[in-house]
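Next up is one chain by itself, shown in structure tokens, the form predicted alone.
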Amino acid sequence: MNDSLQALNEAILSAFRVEELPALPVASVEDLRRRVSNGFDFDRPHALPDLIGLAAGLLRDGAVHTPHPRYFGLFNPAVTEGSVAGDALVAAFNPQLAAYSHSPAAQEIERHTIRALASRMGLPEATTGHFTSGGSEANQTAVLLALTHHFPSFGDDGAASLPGAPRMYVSELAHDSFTKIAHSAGIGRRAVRKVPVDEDLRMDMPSLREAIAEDRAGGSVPFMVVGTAGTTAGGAIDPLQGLALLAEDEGLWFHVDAAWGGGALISERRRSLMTGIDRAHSVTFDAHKWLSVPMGAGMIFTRHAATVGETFRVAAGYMPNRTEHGLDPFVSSLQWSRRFTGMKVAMSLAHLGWDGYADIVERQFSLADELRERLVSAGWIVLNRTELPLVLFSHPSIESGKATFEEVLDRVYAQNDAWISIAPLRPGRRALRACITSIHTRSEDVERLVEICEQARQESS
């Protein structure tokens, strides 16, 4: 056991030195397959320290290192020490969170954490919520809550009982999980109406009003509007306050997908960016994004506790007797057996505190401002207007056709010292995308990214 723990400790410490590694995989697929096949031979036992070394080597050589300080990618950050410690404790104790009576300590830690974050959002004291596998499950929960709330017959009789084709409204740059969710909920992909965005890539309010009126006139039944607080592609924040008022006027469920952008609420200076989120019927937030905890740690918050109970009600004679401490998780969420997800979030929040996290958030805002300034100084064009730390950019040589986004990106990757991506702005318009995601990113990393991009562009032109 001691040898195994020492090997595990060394592997974890090496992972925390990720800045010493290349940003992208260095092993070929053929090499990885050979190492996996030879190392994970299930026909005989192997020494655990050797397996730990093998696994660490594979993860080191065969991954885009999302914790890397020059990973400017898709909201997959470096992880805090407190969150890793919390996750390790959960793995060892392995509590089961389906029923309150099996894990009251874990349940109370999660409820305490949910209440603290709900308060940060300005949601009412009676707000309920729970941890999910990620933002997609949280958004799916929100859609099911909205359907159950708006159509009382839906839970028992399904979509066939609805008075017309259901419609939900998202911006054309909203997360595409809603398309999958509509399919899995049985209302069909066409239930999702994608609303055009304005010049700031935010949902266009006149277009939304027009779409709702058009659907009602055609016999469809609007039931939900989704505002995104930090779109994946461009970091735009939909007009949450306006959406809240419109939803109230139209009798619609208002959901805010703040999976990434909700992290701005940690900083008192940035809270005004999310004005209107406190009026939402439900909110999605992912701790494995801006709170920098290990994957996955989504959360769903709602002010409608009774709707939660109705949406997930089920009778199971083999489950432990219910307690007076509230709904058991298996009757208040999509999941049944569930990992103790909240521990890593609670540990990290307690270790760093609100002020520690606010410092991280503010530093990332400042680094994004620095990135914009350095890009413009080097002749690049910043294409999005958002205060969030996500930058979309292009260059005159790309705009004129002398180089392509793909050519530049390929040469960025060839240097294996940073990771960025290509993202859509709107139909027919794209950009290079860089997001400040890692808690380890510093000014020198931003400077290096601009150098890499400029070299890649020059080689492509």
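Counting begins at 1, following the sequence as shown. Computed from a predicted model, the values in this text were never measured in an experiment.
The same protein also has a form predicted together with another copy of the chain, omitted here; what follows describes it.
- Heavy atoms within 4.5 Å of another copy of the chain in the predicted bound form map, among the stretches 222-230, 198-206, 235-243, 336-344, onto 336-344 alone.
- The candidate spot formed by 313, 330 and 422 is fully in contact with another copy of the chain in the predicted bound form: every one of the three has a heavy atom within 4.5 Å.
- The closest non-hydrogen atom of residue 154 lies within 4.5 Å of another copy of the chain in the predicted bound form.
- In the predicted bound form, another copy of the chain lies within 4.5 Å of some heavy atom of residue 160.
- In the predicted bound form, at least one heavy atom of residue 109 sits within 4.5 Å of another copy of the chain.
- Looking at residue 37, you'd find a heavy atom of it within 4.5 angstroms of another copy of the chain in the predicted bound form.
- Shown without its partner, this chain lists 376, 213, 305, 91 as candidates; in the predicted bound form, only 91 has a non-hydrogen atom within 4.5 angstroms of another copy of the chain.
- Shown without its partner, this chain lists 96, 119, 366, 275 as candidates; in the predicted bound form, only 96 has a non-hydrogen atom within 4.5 angstroms of another copy of the chain.
- Shown without its partner, the chain has 188, 189, 190 in segment 188-216 as residues with a non-hydrogen atom within 4.5 angstroms of another copy of the chain in the predicted bound form.
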